[in-house]
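Listed next as structure tokens: two forms of one protein chain, kept apart as structure 1 and structure 2.
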Structure 1
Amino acid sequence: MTEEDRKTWQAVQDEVRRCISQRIWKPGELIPHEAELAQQFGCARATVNRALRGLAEAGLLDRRRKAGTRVTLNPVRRAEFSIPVIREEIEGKGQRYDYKIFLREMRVPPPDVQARLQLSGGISILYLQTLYTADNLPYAFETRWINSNAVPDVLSADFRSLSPNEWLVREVPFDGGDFTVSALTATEKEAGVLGCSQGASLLALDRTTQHDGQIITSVRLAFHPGYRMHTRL
């Protein structure tokens, strides 16, 4: 190989990526160690380290001290989706975004939601049902529980110009949560609101959001039929 022109870490990364994808270095195989690559590429070891670290994070390489670096045998393929911020998603398509709050009341959540929010029984919290529309067509139906004990300000929030989702994003910091994608069969309620037939297949996103140990909100978004989540690998 003996390259002569000095390489930036990006160039090194590209070459290494090429060696992997063309199977010059085969899955499971040990690749030259950093010092050697540094010499081949005519750069410092730190530069090679920078390049390889990135590939390891991406799951293409397995690195272990002393053992060396090898091409991942069965690369865990990961897909990264950006979680939709509905207003941006709709406006990004050049459509008119709007929403309508159907329901807003204090209510004792059912047991499964209680568990998700780590609440003890009998406590009533804020419950909201919101329909998002794109060009006045139903886009997604949101059912949301907000732990109003953890976020008392929410009770006096005005959701007329800012949806509950955006209000929370703006007012409440968060540091964790979880996220589930599933397919659900439209109930009568969902069918009516989304303007589809009862029994239609809808993509559903369930999400909880937490901050400082407390679970702030639990939300389900049921999208109109035909909605897709897409990403490149």
Structure 2
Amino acid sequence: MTEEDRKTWQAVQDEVRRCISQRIWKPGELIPHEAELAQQFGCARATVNRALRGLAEAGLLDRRRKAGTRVTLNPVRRAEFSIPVIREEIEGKGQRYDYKIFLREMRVPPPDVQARLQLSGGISILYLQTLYTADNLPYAFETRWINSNAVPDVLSADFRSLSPNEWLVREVPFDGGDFTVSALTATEKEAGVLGCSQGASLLALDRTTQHDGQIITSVRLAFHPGYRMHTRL
């Protein structure tokens, strides 16, 4: 597809979005057929098809064979999440970034982690505990399991210049995963590392990432008290 084609496709999608957001096409209402839209926008029908397909994937349109395309009655609002590079997050706030690895060893994960990583019992993998700091103050405490059978290069990785977080983002592709955001009370260990009182309220992010059907890593980030997460809808 040429650059001009991409612009035309984007322009069609933007115009359809406008019609939806301004209620020119109301929720639940049928929109014009692709042929009509192609004539209206002065482009190929295939361009309209691609634009509508993208909006259907975004949850704004409901497309059904032989029934036409309708504006979704209750559109799905989707938040965008990316795997954060903690260094960039801290430096983006104008603070000095640093990290310290407290523990790095091969260990058999507990049953719940084995289940998340889809591993058989008794298999040792790489386990790390890392503290990230901002202006020399605790920012996030990371406990991470890396499936070193799926990512053997991690065993020789030198984390002196790149944290485990950044090394994985740079070196290992991923094509899926899941995450959970939760509130927790600080354990004695977390309180000592994050410099807060035991039982303090913390925000925690649990995440797994995968590639080619294999779970690469399972990680928990416990953030300092008062941390706020921001994303976009």
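Nothing here was measured: the structure is a model prediction, and the numbers come from that model. Definition used throughout: the rigid core is the maximal C-alpha set that superposes within 1.5 Å between two forms. Along the sequence of structure 1, residues get numbers from 1 upward.
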> Is the form predicted together with the DNA shown as structure 1 or as structure 2?
Replying inline: 1
> Taking the rigid core as reference, does the Cα of Leu52 move 2 Å or more between structure 1 and structure 2?
Replying inline: yes
> For Gly199, is the C-alpha shift between structure 1 and structure 2 2 Å or more after core superposition?
Replying inline: no
>> Superposing on the rigid core, is the Cα displacement of Asp62 between structure 1 and structure 2 2 Å or more?
In response: yes
